[in-house]
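Quick heads-up: it's one chain on its own, the form predicted on its own, in structure tokens.
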Amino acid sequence: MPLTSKRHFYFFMKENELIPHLFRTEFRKIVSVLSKLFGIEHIEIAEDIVSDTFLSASELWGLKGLPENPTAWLYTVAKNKTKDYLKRNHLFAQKIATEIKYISTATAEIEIDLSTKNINDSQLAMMFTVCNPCIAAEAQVGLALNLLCGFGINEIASAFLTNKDVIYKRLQRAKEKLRTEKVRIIPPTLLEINERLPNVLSTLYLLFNEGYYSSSQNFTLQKELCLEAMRLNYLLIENDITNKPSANALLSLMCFHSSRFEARTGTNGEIILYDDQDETLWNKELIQKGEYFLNKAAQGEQLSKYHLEAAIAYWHTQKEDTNEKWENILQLYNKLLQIEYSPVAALNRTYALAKAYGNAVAITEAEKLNLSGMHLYHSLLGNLYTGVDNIKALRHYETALALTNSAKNKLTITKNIRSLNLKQEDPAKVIS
């Protein structure tokens, strides 16, 4: 009997709240174990087996009620379906048997190890496979969402603000590239970790940013992207050989940023800028965790961009405006730009410069950047010119509005334009 496709399986998931939750948490774990067992060229078989397992759950649990331990039930059924598949496909079983260390010569039966340790080891191996430099960074993020986080094609398309056909083709090309390059899903050696950990961290960084700075209107999806990036980062921290200072620094950065997640968006979906955020909505527990991981990151001699960004994010959790705060942030941006220049970091440095030395100095520095094609550049100049030259501020905000495609950014910029227009009508309201 052919395995049921995932497309049919998703239809049944909607009928039950528990199954989608378990799908999010357990699908990726079982797929990682089976993919490690079968090899990269047979990922689809692993996905089909696990999808069929969840379809069985949706059918049987509706008829017979929930089992005592739903997760254990899924693991047992997944094991049995895997063994049944291997019995029906002798050639496939013989082909992978030579590569698998979990084979008993007495019974010629492959052991499906779904212990916590093997699940974690398999996910770590899959993480280094997905983040192989032979595929593009955008595809790495997509594969991470799909294989490591259990996101479906529609969800990934929503995150990237594109259609599902584009995402499907991107993932298929990436998987095919891994096959042709004969990439194996095996635990990374110490040498491979040292060589490829920066690439893994870069993928997790992009995955987190996809949620935190996403233009998507789906608030739940944005938050899930950030949480998944943090979960995968924590897998690195939990493993002794990947528990490096840079991994701790990145997790610290994620904690600090996530602590302000609830305060960043207004009721209409508009972005609430830092100065206007309600500090009572900041998550103090995440701030404390960020401080913990930042201290752990300081135990090595390496200084990565994640260390500097985490330190900047730490200062942003101190709401009170002080010279010490903005001087520290400014110096950290100076070091960050020396390590890795980016236009966004340069713009953020200019904002810190304005806070430390005033808008006039910052305007001069900002205009030297000449990033006229970026809406962020014009938004920053609109902010800096407000109260200095409101006509120029309006022009920059209007240019920013024309350059952005994000509904959230349009709401925020429109709000600023409306505020400036009111000030033009009533000069007494101009900010001094």
Partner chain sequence: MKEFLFVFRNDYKAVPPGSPEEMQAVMKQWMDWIGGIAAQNKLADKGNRLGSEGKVVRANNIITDGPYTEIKELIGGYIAVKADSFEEASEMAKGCPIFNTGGNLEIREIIPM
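Residue numbers count along the first chain shown, from 1. Computed from a predicted model, the values in this text were never measured in an experiment.
Below: the form predicted together with its partner chain, not depicted.
Not one of N154, N163 and R170 is positioned with any heavy atom within 4.5 Å of its partner chain in the model of the complex.
Distance criterion of 4.5 Å from any heavy atom to its partner chain in the model of the complex singles out L369 from the list L369, I363, L401, L394. A heavy atom within 4.5 Å of its partner chain in the model of the complex is found for exactly one of T322, N243, N334, N199: N334. Only one of 142-150, 335-343, 293-301, 118-126 places residue heavy atoms within 4.5 angstroms of its partner chain in the model of the complex, namely 335-343.
Put simply, Y274 is far from its partner chain in the model of the complex: not one heavy atom of it is within 4.5 Å. Although the partner is absent from this view, Y357 contacts its partner chain in the model of the complex, with a non-hydrogen atom inside 4.5 angstroms. In the model of the complex, at least one heavy atom of E327 sits within 4.5 Å of a heavy atom of its partner chain. Its partner chain is not shown here, but in the model of the complex it comes within 4.5 Å of a heavy atom of R349.
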